[in-house]
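One chain follows as structure tokens, the form predicted on its own.
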């Protein structure tokens, strides 16, 4: 099903996605007692990078140049299937969440192979970590969706999130609270945020995402940065669809409630990054295994 009326919301998502990074940075600055960078600094960085020329190593091939473009295209296609809470997505069909997650997987794959194409052992280290952690998060994502499918009896993200109402929270609140916790952990992991990774560091050997894109420059790095913002928007939208069960039928009311939820999630991520230190890499798999166990409990609760 194609809902062209929701297409303006996709363009609004494309425009507003970098704002989430700006809100997170502002919250971190306020928590540290600093003035911090402007709220729109990410937009300024993107414009600056787009005006620069890209530099390519002679050891790289077309894979390195295609990686950021294909990754961004996959994220843009995935955005078409993400609803705004109770507002339908532009594209929806039974089982669309499977395509959504594999589009995200395609984007991750090409970022990884682009890092490997440089021939750098440093970027290869980050690529191997990214592949390992993604292998741990993928079953958790599907476990979350299986739980929601069991709770709502729907197979489309649009129909699924439309059923997340106060009534559902009243009857299945325990399972939904656990799902919110799991999705928050997945958001931090998939977007390489603290406590999994520090997106502001460029020197330490504990980097994951940032080390994979060290050789990208100019427009290519702009695509990488913008793709990170889109990925954060997608995972935040899934989380906002759960924690904001406003389904009034009014596009204005539901849209404002959804945006309020997105703002709240950005503030929460900023607070988490301001109050927690990055975990040792050995503890990240343990955290994800714990999230898998919680997801299994959620599925068990839906079977009773």
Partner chain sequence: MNIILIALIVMVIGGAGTLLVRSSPKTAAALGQGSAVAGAGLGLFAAVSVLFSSHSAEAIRLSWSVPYGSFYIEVDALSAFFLLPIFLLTGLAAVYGGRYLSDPKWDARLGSHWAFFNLLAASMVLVVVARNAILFLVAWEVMALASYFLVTMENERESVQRAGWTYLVATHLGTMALFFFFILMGSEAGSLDFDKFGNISPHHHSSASLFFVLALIGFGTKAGIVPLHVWLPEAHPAAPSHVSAVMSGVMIKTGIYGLIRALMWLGPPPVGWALTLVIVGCVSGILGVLLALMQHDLKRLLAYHSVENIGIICLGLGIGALGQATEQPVLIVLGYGGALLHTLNHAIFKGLLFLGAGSVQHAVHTLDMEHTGGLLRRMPWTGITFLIGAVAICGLPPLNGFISEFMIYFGAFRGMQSLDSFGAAPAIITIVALALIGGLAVACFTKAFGIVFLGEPRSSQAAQARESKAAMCWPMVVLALLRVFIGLSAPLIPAMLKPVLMQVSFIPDSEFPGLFDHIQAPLILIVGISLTFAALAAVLAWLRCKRLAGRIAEDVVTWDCGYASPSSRMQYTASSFAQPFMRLASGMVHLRERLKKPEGFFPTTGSFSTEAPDVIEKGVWTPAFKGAEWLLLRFRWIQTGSIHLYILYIAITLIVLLIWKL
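Positions refer to the first chain, counted from 1. Quick caveat, the model's predicted, so the values are computed rather than measured.
The protein also exists as the form predicted together with the partner chain; that form is not presented, and the subsequent description refers to it.
Enquirer: At 4.5 Å between heavy atoms, only one of the stretches 192-200, 162-170, 99-107, 176-184 reaches the partner chain in the predicted bound form; which one is it?
Expert: The contacting stretch is 99-107.
Enquirer: So which of 260, 253, 57, 41 gets a non-hydrogen atom within 4.5 Å of the partner chain in the predicted bound form?
Expert: The residue in contact is 57.
Enquirer: Flag residue 210 as yes or no: does it have a non-hydrogen atom within 4.5 angstroms of any non-hydrogen atom of the partner chain in the predicted bound form?
Expert: No, residue 210 stays farther than 4.5 Å from the partner chain in the predicted bound form.
Enquirer: Taking heavy atoms only, is residue 72 within 4.5 angstroms of the partner chain in the predicted bound form?
Expert: Because a heavy atom of residue 72 falls inside 4.5 Å of the partner chain in the predicted bound form, the answer is yes.
Enquirer: Does any heavy atom of residue 52 come within 4.5 Å of a heavy atom of the partner chain in the predicted bound form?
Expert: Yes - in the predicted bound form, heavy atoms of residue 52 and the partner chain come within 4.5 Å of each other.
Enquirer: Does the 4.5 Å heavy atom contact test between residue 127 and the partner chain in the predicted bound form come out positive?
Expert: Yes.
Enquirer: Do heavy atoms from each of 93, 119 and 155 fall within 4.5 Å of the partner chain in the predicted bound form?
Expert: Yes, the whole trio is in contact, each within 4.5 Å by some heavy atom.
Enquirer: Can you name the residues of 130-157 that have a non-hydrogen atom within 4.5 angstroms of the partner chain in the predicted bound form?
Expert: Counting only heavy atoms within 4.5 Å of the partner chain in the predicted bound form, the contacting residues of 130-157 are 131, 132, 135, 136, 138, 139, 142, 145, 146, 149, 150, 153, 154, 155.
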